[in-house]
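In C-alpha cells, one chain follows: the form predicted alone.
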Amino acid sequence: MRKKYLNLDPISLFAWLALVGTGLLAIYSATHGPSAEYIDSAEAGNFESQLVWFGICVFGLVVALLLPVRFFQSMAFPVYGLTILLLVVALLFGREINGAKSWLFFGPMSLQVSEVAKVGTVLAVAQVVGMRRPKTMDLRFAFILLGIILLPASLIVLQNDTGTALVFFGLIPIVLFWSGLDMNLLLLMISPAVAGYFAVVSMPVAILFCVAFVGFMWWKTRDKRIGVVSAIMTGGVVALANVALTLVLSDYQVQRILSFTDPGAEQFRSNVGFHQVNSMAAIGSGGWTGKGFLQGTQTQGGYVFEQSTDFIFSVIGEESGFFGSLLVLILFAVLLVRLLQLGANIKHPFAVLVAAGASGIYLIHIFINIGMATSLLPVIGIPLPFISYGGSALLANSALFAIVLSMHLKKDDFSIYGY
C-alpha cells in the first residue's frame, strides 16, 4: 500500500510558502525603512503581526494534516453554523474598522469573522453536494446551494463589508458549475455581472454586449424563452446601473465607482482616484526588473494608501518590476491549478467542491485586488491572498489550503461510494 506521506503535494506547498514569503517581504518594505515615518504606530507593527499569524497558520497546517478526512465532513455543518453565529454577533456587538462592523476582539487578538465565514461556507456547500442523491443538478438543488452562500453574504452586506460580500456572490457560479449546473444557466447567471461592469465603463459597450449576448444565447439554445430571459437579465442590469448612476447615488458614490475608468482625470485625481494613480505610478516605475528591496520611491515615500493591504501589489511591482510581478502571478496560477488537480485526484464530490471553492475564492481575490491596483476595477477593499497584511484573511485562506492538502494526503480513506 502506498505510504500516505507520499501523497503530500510539494508543489502546492512550495507555492503557498513562496506567496506568504513574498507577502512578508512586501509588508516589511511598506512598513520599514524611510516609509516608517509616514505610517501610524499600529500599521508599523504589521510585519511582526503577520509573522505571528504565519506561525499560527503553520501550526494549523500541521494539525490539519493529522486529522482524518471524515473530520472535515462531519464538522462542515457545525463550522458553518458557528460562522453564521459569529457573523450575527459581530453585526450586533462587533467593532467597526474602516466602516465595516465585522470584527470581534478577544483580548489582544482580533478576528474578522467575514473572512472565517468563507471556510464554513465552502465546507457546507461541499458537504451538501457530497450528500446529494442522485448525482444530478436541478433548479431545486441549485437554490439550496444558493441559499447556503447568500445567508452569510447578506449578513456581511449588513456589516457594511461589501467587498467581502462580493467574494461570496462570485463564488455562486463557481460552485454551481462544479456541481454540474447546465452551462446555459451558468452563462445566464454570469451575464448580469458582465453587463453591469460594461455599464459603468461605457454604456454603448454595455448595450452592444446585451445585444450580442441575447443573440448568442438564442442561437445556442434555439429557445426563444432563453433569449427573452437573457434580454431581461442583461438589459435590466444595464438599465438599473444607468438609473443608479444618474438618479439614485450621491455624487461621491458615483465618483467612487467611476474613478477607476480614468483615475488621473481632473475630477478624480485629487480625491477618489488619488490612490490608484499613485499605485499605477509605483507599478510602472518598477520597469522590467524593479528598483530593489526597500528602494521603491513611491513605497518608501508613503505615497500609496493602504500599501501593506489593499495596494500591496504596487510594492511588488515597484521593487521587483514586471518579472517579479509575473513570477507572483505564476505562483498563483500554479497553486490554483494544483489545488484543482488535487481535488480531482481524490475523486470524491466533497473534496472536489472544497478544492474548487478554495481556488474560486483565491481567484476572485486575485482578480479584484490586482484590478484595483492597476485601475481596472474600483477600489472595494479586497486583499491579495497570502500576500496582503491581515491575520484573519491569512488564517482563512491557509485553512482552506490545509484542508485540501490534508484530504489529498489521506485520499485513500474516502469512501469509494462517493459519500
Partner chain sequence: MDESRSRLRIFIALIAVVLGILALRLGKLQIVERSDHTGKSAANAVREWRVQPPRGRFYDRNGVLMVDNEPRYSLFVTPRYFDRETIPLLARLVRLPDSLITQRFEAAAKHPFQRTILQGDVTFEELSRVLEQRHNLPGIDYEITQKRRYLTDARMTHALGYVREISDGTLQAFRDQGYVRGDPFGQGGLERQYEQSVRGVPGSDFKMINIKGQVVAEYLDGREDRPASNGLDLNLSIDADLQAYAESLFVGKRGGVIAIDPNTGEVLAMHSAPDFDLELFTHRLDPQVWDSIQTHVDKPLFNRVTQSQFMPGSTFKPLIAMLALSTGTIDENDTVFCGGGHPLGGGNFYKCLAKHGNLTVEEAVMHSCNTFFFEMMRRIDVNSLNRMATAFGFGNKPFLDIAASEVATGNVPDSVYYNRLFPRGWTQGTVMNLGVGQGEGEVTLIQLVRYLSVIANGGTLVTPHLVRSMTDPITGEETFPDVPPTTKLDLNETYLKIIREGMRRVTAEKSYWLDIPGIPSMAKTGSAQNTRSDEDDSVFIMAAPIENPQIAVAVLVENSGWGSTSAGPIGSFMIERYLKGHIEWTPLRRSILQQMLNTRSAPLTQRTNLD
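Residue numbers count along the first chain shown, from 1. Computed from a prediction, not measured in an experiment: that's the story for all the values here.
Here the subject shifts to the form predicted together with its partner chain, a form of this protein not shown in this document.
This chain is displayed alone, yet in the predicted bound form one of A231, L181, A241, L91 has a heavy atom within 4.5 Å of its partner chain; that residue is L181. Proximity to its partner chain in the predicted bound form, defined as a heavy atom within 4.5 Å, singles out one entry of W218, F322, F209, W103, which is F322. Shown alone, this chain has one stretch from 64-72, 371-379, 47-55, 389-397 that lies within 4.5 Å of its partner chain in the predicted bound form by heavy atoms: 371-379. In the predicted bound form, none of the heavy atoms of T246 sits within 4.5 Å of a heavy atom of its partner chain. In the predicted bound form, its partner chain lies farther than 4.5 Å from every heavy atom of R132. Although the partner is absent here, G317 is a contact residue: one of its heavy atoms lies within 4.5 angstroms of its partner chain in the predicted bound form. Its partner chain is not drawn, but in the predicted bound form it has a heavy atom within 4.5 Å of T297.
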